[in-house]
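Take a look at this single chain in structure tokens; it is the form predicted on its own.
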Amino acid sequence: MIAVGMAGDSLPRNQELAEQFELLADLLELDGADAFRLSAYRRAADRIRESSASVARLAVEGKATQIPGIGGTIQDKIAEYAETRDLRAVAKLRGRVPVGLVQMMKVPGLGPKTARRLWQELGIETIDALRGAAEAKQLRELSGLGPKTEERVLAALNRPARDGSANTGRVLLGRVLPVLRETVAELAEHPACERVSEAGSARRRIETVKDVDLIATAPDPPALTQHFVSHPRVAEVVAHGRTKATVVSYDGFRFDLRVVPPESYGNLLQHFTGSKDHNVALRESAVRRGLSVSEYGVQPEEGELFQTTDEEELYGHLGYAWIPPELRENRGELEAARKGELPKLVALEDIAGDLHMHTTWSDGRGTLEEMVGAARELGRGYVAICDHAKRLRGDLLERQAAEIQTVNERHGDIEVLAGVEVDIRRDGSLDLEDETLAARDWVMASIHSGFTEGRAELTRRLLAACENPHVDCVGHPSGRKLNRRAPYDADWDAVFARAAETGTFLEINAQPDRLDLKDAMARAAVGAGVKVVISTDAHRVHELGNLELGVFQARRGWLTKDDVVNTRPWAKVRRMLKA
């Protein structure tokens, strides 16, 4: 083990370490390394980024191998970077592969092999050089590339950043939530803490979060803030006062703690939960009735300041039913709360089954038995195994169906459905024939390529899927990847209308980087008469727990239990299918 003689606060942050291992994996991919090595380094980067402790410190102490996905070799590399701020493996690869190719390989339509060929055959090493070559129509000189490739490259390079198309400095809710819950629980156990709650955008369950806000009350506020800034999770103390503290954790999250007077806890919790638009509308409505609302209380023109320990009591004092945090975006919730017309939002316990998951029969990492067993432990009444059709050629689909039947017989308290996920091709056709689809219990159709096509083409593909009599649901309909890829452009009014007309369901995909449909789109779809499915698209056992993220998204879209197909037992869902 490499010895590092340095203070703990000079060790590299987890984010910095993770970026180095991602760079190592990218350079190795460009250098032609095998998939196993690439997967190991990328998995390590994920584990490093997600760790709440200093992984560099753990590596220096010889304890990083306690983290799943980090073995002795990677631990040594972490310790090496902690000491030298470089990796010999990266330095060696830099001598063989231009670092600019890393950006080039991530341009839609290229990839590592094409990026390497552009460098070796045309001498293109940077994004700027790639743009220049595409504009000069030089890419077509490379065999296999042509004018269409040049058009796609220029479109990708010139496309302005749209929602979700680039890293915005915001973190996925799915990454934040476990750490937030753990932090709240730890603070609640401290003797100085009376009450503590999450607040801000995380409490509203927005899909990406910038800062993590906490509100607490304590008889000894300095003791609680001192405990907060002294936690081993803390990499940097940004600010520390008697009642306020801001820290940055090793996993890159910024936490803001406010210790507030107990008599106005409800007022302050409401204020710091937000959103800004919701609070502004709330205050403007109060002004029209002669009330002044602030985080400290409600002041009438005459009389005493109203303060409360209870947020629900605050809303009641202002004439509203309590508004769930997910709805506080000034999208009509105040008027509905005043009229008593807020919907009863769908809840996690309402979900009866999961209609989209993968196994080792395609690109999943859990076996059929493992995925079903884990879903059973989570209380699911049924699951649909939706492995990719393109991975189930020949007799594999029939063999998989036979294994599903065997697992069904072994687990009598959960129904395992023989589903499939088919690709919606560029011409609108599916990659399985109708006769085969008709034999499956559940058919999910999704777009997995051609995201940069025009609005008319993408709309046509989605409409064609809805019109197929065997397609039960369109998966991750807008194709977005949060912080990485914008939703593609389609005529969503037309898609929602056709889905409603044909009885095709649309998915809220609960993968943390998808959450697709977006909340506003889900609300619009339901308003058009579409029923929605909330499913995990799980590829690993632990991803089955992401279902609650999909439920949060549905709640932000004002969805009720009736709006969500899989709140029903499978026998009722089956009767809703159009086939």
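Throughout, we count residues from 1 along the sequence that is shown. In this text, rigid core is short for the largest set of C-alphas that superpose within 1.5 Å between two forms. All figures in this text were calculated on a predicted structure; none of them were measured in a lab.
Here the subject shifts to the form predicted together with the DNA, a form of this protein not shown in this document.
- The closest heavy atom approach of residue 74 to the DNA in the model of the complex falls within 4.5 Å.
- Although the partner is absent from this view, residue 295 contacts the DNA in the model of the complex, with a non-hydrogen atom inside 4.5 angstroms.
- Residue contact check for residue 112: one or more of its heavy atoms lie within 4.5 Å of the DNA in the model of the complex.
- Taking the partner from elsewhere, residue 154 is found to have every heavy atom lying beyond 4.5 Å of the DNA in the model of the complex.
- This chain is drawn without the DNA; in the model of the complex, the residue among 363, 284, 312, 86 with a heavy atom within 4.5 Å of it is 284.
- For the options 96, 393, 289, 344, the one in contact with the DNA in the model of the complex, meaning a heavy atom within 4.5 Å, is 289.
- Only one listed stretch (32-40, 549-557, 536-544, 53-61) carries heavy atoms within 4.5 Å of the DNA in the model of the complex, and that stretch is 32-40.
- Relative to the superposed core, residue 516 shifts its CA atom by less than 2 Å between this form and the one not shown.
- Fitting the two forms on the rigid core leaves the C-alpha of residue 103 displaced by at least 2 angstroms between this form and the one not shown.
- Core-superposed comparison between this form and the one not shown: the Cα of residue 237 travels less than 2 Å.
- In the model of the complex, the CA atoms of residue 108 and residue 209 come closer by at least 3 angstroms compared with the shown structure.
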